[in-house]
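Same chain, two forms, each on its own as structure tokens: structure 1, then structure 2.
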Structure 1
Amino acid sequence: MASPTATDAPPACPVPARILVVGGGGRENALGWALARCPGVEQVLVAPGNGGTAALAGCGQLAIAETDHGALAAACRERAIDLVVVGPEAPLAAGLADRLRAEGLAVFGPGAEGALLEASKRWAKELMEEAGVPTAGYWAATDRQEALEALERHGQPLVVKADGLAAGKGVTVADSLEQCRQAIEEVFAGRFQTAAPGQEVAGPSLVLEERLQGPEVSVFALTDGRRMVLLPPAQDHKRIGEGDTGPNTGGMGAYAPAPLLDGAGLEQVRQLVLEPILAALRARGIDYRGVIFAGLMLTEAGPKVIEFNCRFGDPECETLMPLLGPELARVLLACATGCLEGAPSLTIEPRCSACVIAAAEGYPGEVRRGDPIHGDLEDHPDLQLFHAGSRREENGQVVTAGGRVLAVVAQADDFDIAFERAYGGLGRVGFEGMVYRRDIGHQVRQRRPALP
């Protein structure tokens, strides 16, 4: 029998000593916090970071915008960065990972082509069709008339989705044909048109989708392009108001693991959704290294994909990071370098994690900014305070600087205690005009928690 040779052995999977996290939201604060805790990680830099990452143990901050790819590449060279983790979708869609990989850097996050999974609804729908992934039926249109005709032929309200990145604002779930027509007009009036810096804006285009019914759940696969590790399913709360009312937001709170999807359900999602989409990406020659985020609706006919994203969800990331073990940094580097097979398994704590977002007055519309943030949470192993829209002023005062400002996250053996702990923590921090939902996790709470 042949003895194993160097080429048979799985590639070595080291710990990245110096990590750069790109982005400045709650997600990046949570990523920086989790990576800095991994044994062997010496330094985590966050660019541009926020008022919370400035104070994180083991973390530093770089005042470089996520759009400045040249300056990010130069910082990686100067600081001998071993791993770059790109948080948001916009720099991924704009090719930041391609640029850094071309310089020989290990990057967790797909290139611009892979990021089309999120950046183009139409491209994603075509790939899902090719891969046989269950999703809502759809009609794509690049022309107003074509879209209106497709709607009239269907004769029922459809979900209208502007193509391209629209910061979560390009989707209209219409109740009437008239609302659908209006949404179509808005798309073709160019209301959701965005382009990454240096890129051309394509003409407006959209996808019309059948409306599905059922609870929503977020599933995350960390992948090296071939293999994948699944994280516990999480449930987000997208509406601003209690009882899931009012306009959509980036997400007002989350919890994990969501019992909606048990072990067998998650395995079904792996087989029906994640493995086939990864195979379809590979078949197109796309070596996708990063997170595949499947936003699913659990319909009576089984799980169906509402959307794919090319990044961690926010606030799902804040919710999940405290459950992940000390192997996280090695696993992300292994994804970035295509050697997940040789990586240690990622420990996932079998506990309940609860996250509540504190937003600024006016969110999701225009918000007030510049209000001092007071209070802090002492070092408690089961309670974390992550910052999102916050900024540290020169005098050291941290002030509000965005819509979603803080994320308070807590873990416990059951959801009642986890939410009690999170809301208790929220009672100890704040700022003028702070708004939050008191019913996050209502789906999994048995009794009403003691609220601050």
Structure 2
Amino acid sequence: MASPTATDAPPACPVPARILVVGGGGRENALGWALARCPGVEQVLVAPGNGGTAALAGCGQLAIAETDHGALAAACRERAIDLVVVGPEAPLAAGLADRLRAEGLAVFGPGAEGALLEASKRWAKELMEEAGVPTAGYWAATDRQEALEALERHGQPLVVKADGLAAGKGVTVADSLEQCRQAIEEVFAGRFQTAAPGQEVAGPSLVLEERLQGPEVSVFALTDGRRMVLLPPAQDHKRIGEGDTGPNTGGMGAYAPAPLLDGAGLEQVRQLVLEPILAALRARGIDYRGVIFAGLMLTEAGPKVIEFNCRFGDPECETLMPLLGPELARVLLACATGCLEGAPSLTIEPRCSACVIAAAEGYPGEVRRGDPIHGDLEDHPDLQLFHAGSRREENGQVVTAGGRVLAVVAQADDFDIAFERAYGGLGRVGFEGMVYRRDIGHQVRQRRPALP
């Protein structure tokens, strides 16, 4: 057999010198920070960014909304952008990646068809059935009566999921039939009814699911449509209250790597969940390039998918980025251009990462805005401050502008020290009415850190 020649080798993936990150949350703050640290990257721009973007070393800011696809495309042409990383789900569902790819740009993020993996719970469930991916049993309903009848037939509490994008707040894990009925009423009253920009608002619909039992874990696969790189598993804390009580939020904190999945467990998830779903996407003619986020429940029968998302989780992204090595920019470009085989291996720091979210008073409901954010964190290689719901006013003052305002992230050789650093950092920043959980990481901490 002849030896491989240079022409047989996979194409080498270059370093993207100029990168645009689309979005304005904590996830995009963390992505910009991580990509700006990669050798060979000359400039990272974030659009629209937030009140903390300008403070990120190596990052600039563009005042372009994620909904303004034309202006984003023009900015990419004017600035000779080598790679676009789309952070949030809404612009992906609205076809931003399709628009930019049509202009010849390399984009990390799926097109509108691939984004249905998150944008439609029913579509995702049907795809899981096709792929043989383990998940909870479900019933889809397009009107209130149909949903209530399905609930009565089942006769016990179910999980109620609005069928669409709801910023992490469209899911009710009900403890009673009455709570289920109330959640169904809220969905069909239009509480979670949204549409991607430029699309018509569809009538409300939902998915009812069997309740699964077990710990939850988040797994992220970076993919070029055929191959994939898995990141360390993370565990999010969705409930607003300590002891995992109260309503679901977009996430109040996270940690990684979650010991719930070891190397063998992660490989099982690859084989049972990620590779089959990627193959099912290809079978539908969808060239999925970006991240597949599998939210899993580790049941007695094995891992089962709670939901898929088409982007990095938040706050898992803030938690994971400090653990990823200097090859990240090249790996994301390789995914965007379909040449992951030629990318360098992604280094993963063998450390513990802890993230605590500071939210505004009233979250996850109506929140107060405009409160000055004070304090800062000293320059420390193992401590990061990522902004989310903040904005910078004309006088330079940074104020609150959303529900989840700040993420304080820290790394150490064990979780006790990592959370001690994170909570210590949280004590040096703040704003009026700041809300945070004091028990983030309770699953892995041996001792409770001193809290601000």
Ligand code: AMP
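One-based numbering along structure 1's sequence throughout. In this text the structure is predicted, and so the values were computed from the model without any measurement. Between two forms, the rigid core is defined as the largest C-alpha subset superposing within 1.5 Å.
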item: Number of the structure representing the form predicted together with adenosine monophosphate (AMP); value: 1
item: Post core alignment: residue 152 C-alpha displaced by 2 Å or more between structure 1 and structure 2; value: yes
item: Core superposition between structure 1 and structure 2, C-alpha change of residue 129 at least 2 Å; value: no
item: C-alpha of residue 141 off by 2 Å or more between structure 1 and structure 2 on rigid core; value: yes
